[in-house]
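A single chain comes next, written as structure tokens; it is the form predicted on its own.
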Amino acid sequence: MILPKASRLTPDQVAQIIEIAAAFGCRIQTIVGTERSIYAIVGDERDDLLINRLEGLDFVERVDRIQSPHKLMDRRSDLASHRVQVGGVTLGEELFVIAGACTIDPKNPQLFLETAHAVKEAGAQALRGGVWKPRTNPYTFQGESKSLEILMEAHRQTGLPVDAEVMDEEQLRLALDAGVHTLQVGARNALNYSLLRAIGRAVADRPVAVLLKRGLHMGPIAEFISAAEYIVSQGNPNILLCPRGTAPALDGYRNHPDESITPLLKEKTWAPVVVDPSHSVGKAAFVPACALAAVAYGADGLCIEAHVEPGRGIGDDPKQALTPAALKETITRARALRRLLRPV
């Protein structure tokens, strides 16, 4: 990993390091951080001559060798000082909350618009809305691109940055063209490496964040961090790690709650952790307790399903979405707990 003396290199300087790296079968990937850019050596960087040549450049401060499979996500990397932003909100300060409906009903846009205003009033800083939905049954509602217009109208009305899940490159293109602020990678695609790379490339030069959910059948923590590395290695370090419960389900819950992995993630990586208690437990009555547990474990944020009228939702809303009143109470208590545990 190359650290320049200035905050970033000039195009001519980048061309020089690319030429040197290419001579050793490596390439250079620029990672634009909030304070300075770093330049990752992609390939086998263990050749001493390569390191010596790079360190000999008068515009290079040093070259760090990180002996980790997660050269960029590792908390010892120079991205450790990076602060992820979503729509101008910096994570790591106040508890960050994304809230909104599981699925946007294109036949009743007013319901989602009302939900958007309600989650803002409840204290959320970002709005989630399912435009396209992965479904086990091929005959259930899969979402519609028309819902993207409703999501962006909600953004215009509330000013909240918006989050939408994408499942393929066409949806990725549509979401970015519309101006979505956070791309969500769902649990079913957490190991879809082609999609992870494509998302990473697509957001490399954009102020867009990626919310990466933990896969349903992910085992080792390293597997989750490696999935994030696929995205960040393409140039954009605005990644959010989202534990959301795993399979098999714990009896009585939708999944097996996994907010307890938060300290492990923080021990190994610098990325913010945003826990999804709604999909973890799958029942509205249990979501507040799960949210508080996530905060106690050190989560930087929460992703909560909410709906102005849960019974009229067309996704998971009837079972697991909080009402605006319950959402407001949960956010208030979660932020109070965070202040207690992490006083300013």
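Note that residue numbering follows the sequence shown and begins at 1. None of these values were measured; they are calculated from a predicted model.
Omitted here: the form predicted in complex with a small molecule. The next part is about that form.
Student: Considering the small molecule in the predicted complex, which of A202, A187, L111, V208 comes within 4.5 Å of it through any heavy atom?
Tutor: Spelling it out, the residue with a heavy atom inside the cut-off is A187.
Student: Among K71, K133, H155, K266, which has any heavy atom within 4.5 Å of the small molecule in the predicted complex?
Tutor: By the 4.5 Å criterion, the partner-contacting residue is K133.
Student: Heavy atoms within 4.5 Å of the small molecule in the predicted complex: which stretch in 232-240, 144-152, 118-126, 178-186 meets that?
Tutor: Contact criterion met by 178-186 only.
Student: Quick one: does E165 come within 4.5 Å of the small molecule in the predicted complex, counting heavy atoms only?
Tutor: Within the cut-off, so yes.
Student: Considering only heavy atoms, tell me if D316 and the small molecule come within 4.5 Å of each other in the predicted complex.
Tutor: Result yes; D316 sits at the interface with the small molecule in the predicted complex.
Student: Taking the shortest heavy atom distance, is L195 within 4.5 Å of the small molecule in the predicted complex?
Tutor: Outside the cut-off, so no.
Student: Whether C102 contacts the small molecule in the predicted complex should be assessed with a 4.5 Å heavy atom distance threshold; does it?
Tutor: Flag for C102 set to yes.
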